[in-house]
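We begin with a single chain expressed as structure tokens, specifically the form predicted alone.
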Amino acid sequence: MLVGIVGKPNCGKSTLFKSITLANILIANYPFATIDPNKGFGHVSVPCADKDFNVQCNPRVGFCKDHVRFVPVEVIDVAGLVPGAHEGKGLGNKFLDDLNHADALIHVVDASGTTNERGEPIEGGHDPLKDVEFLEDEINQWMKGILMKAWERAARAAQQTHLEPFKLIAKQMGAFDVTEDLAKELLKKLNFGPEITKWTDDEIMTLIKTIRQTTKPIIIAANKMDLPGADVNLARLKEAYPGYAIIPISAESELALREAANKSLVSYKPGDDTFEIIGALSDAQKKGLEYIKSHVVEKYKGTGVQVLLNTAVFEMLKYMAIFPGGVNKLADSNGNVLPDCFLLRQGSTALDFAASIHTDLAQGFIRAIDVRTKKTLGKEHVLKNCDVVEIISSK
């Protein structure tokens, strides 16, 4: 799983990336501060199973605080996108190639409207709704361009050889993880005519949008919510895009709190709706934190960043967290309690979980056990979020 952070230049992408990963990256107030994609690990949060067993876990990766488990997910921050990117403008080709590796996209939008479509500071304000329109249009046009390469010749050949349309679509769009099964499902919903050569340009664009929405779901991060005008634009975004997940965030505030927590200046856990000052601060630091508290944390019940990442992974990509454990022993051979937590697609079975741990466990699968209830689970048993499962295998 890879979550991509996208948007126009200077909208706060790199700040969001650093607030999620605490990576040492370049953050600058000019277009294309990010040229090569930054990769790192953020963490989604789930209630830790250790609380149910009155123990304290010892994560092998990630961390646990106040019985909230933080599980790593890979995040990529790519170069800013400008209008005309699909034609190669700006760093368009590079941007689009980088984002193709992502399973879901977080579109960072400057909700304050203080930067234009090229990411340049602007007097008088800019409409953030235009940013949503142009980014999705650029991705759609780019994907359409890939489909249309040699389309007429391929479509005629497919029709002459009676190749089913879904097989041609899967072949043309395989770079976007479009399988034959997926293509068949999408074309069934769209109900296009059987003659591929007669599909209209509008029908092809509808197909492209459907593929993009399925293979590259987008969540909107309404950033810079601490600035004037952001509230009004947030309401406008929600009205204009009712079917979208739109999360109000302040990446700068999250970054400031994460860095202050690392220096033991504040007590703060990602996702908290409050924080406490515990260290000695300068007057300037106190003033900055007071501003964050009143303009962001209290107003929006947090900075929104943890909610954003959780929403992308658990709601858009439909993942869940599963803990391996034993009925008689929750610790591994080194004494680490519940050291692991796996992210699996919703609908995964006990056998799928065994395979995610090790292929040998799946091959020798005998049964699974729900560690909480002690019930035996068969290989086809569908797991649910935060289950603790023991796998019994002959291997």
Ligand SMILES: Nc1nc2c(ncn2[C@@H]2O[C@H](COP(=O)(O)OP(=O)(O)O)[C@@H](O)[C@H]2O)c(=O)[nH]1
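Everything numeric in this text was worked out from a predicted model, so none of it was measured. Start at 1 with the first residue shown and count on from there.
Below: the form predicted together with the named molecule, not depicted.
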Looking at 218-226, 264-272, 138-146, 307-315, which lies within 4.5 angstroms of the named molecule in the predicted bound form, counting heavy atoms? 218-226
State yes or no: in the predicted bound form, is some non-hydrogen atom of A251 no more than 4.5 angstroms from a non-hydrogen atom of the named molecule? yes
Taking any heavy atom pair closer than or equal to 4.5 Å as contact, tell me whether S19 reaches the named molecule in the predicted bound form. no
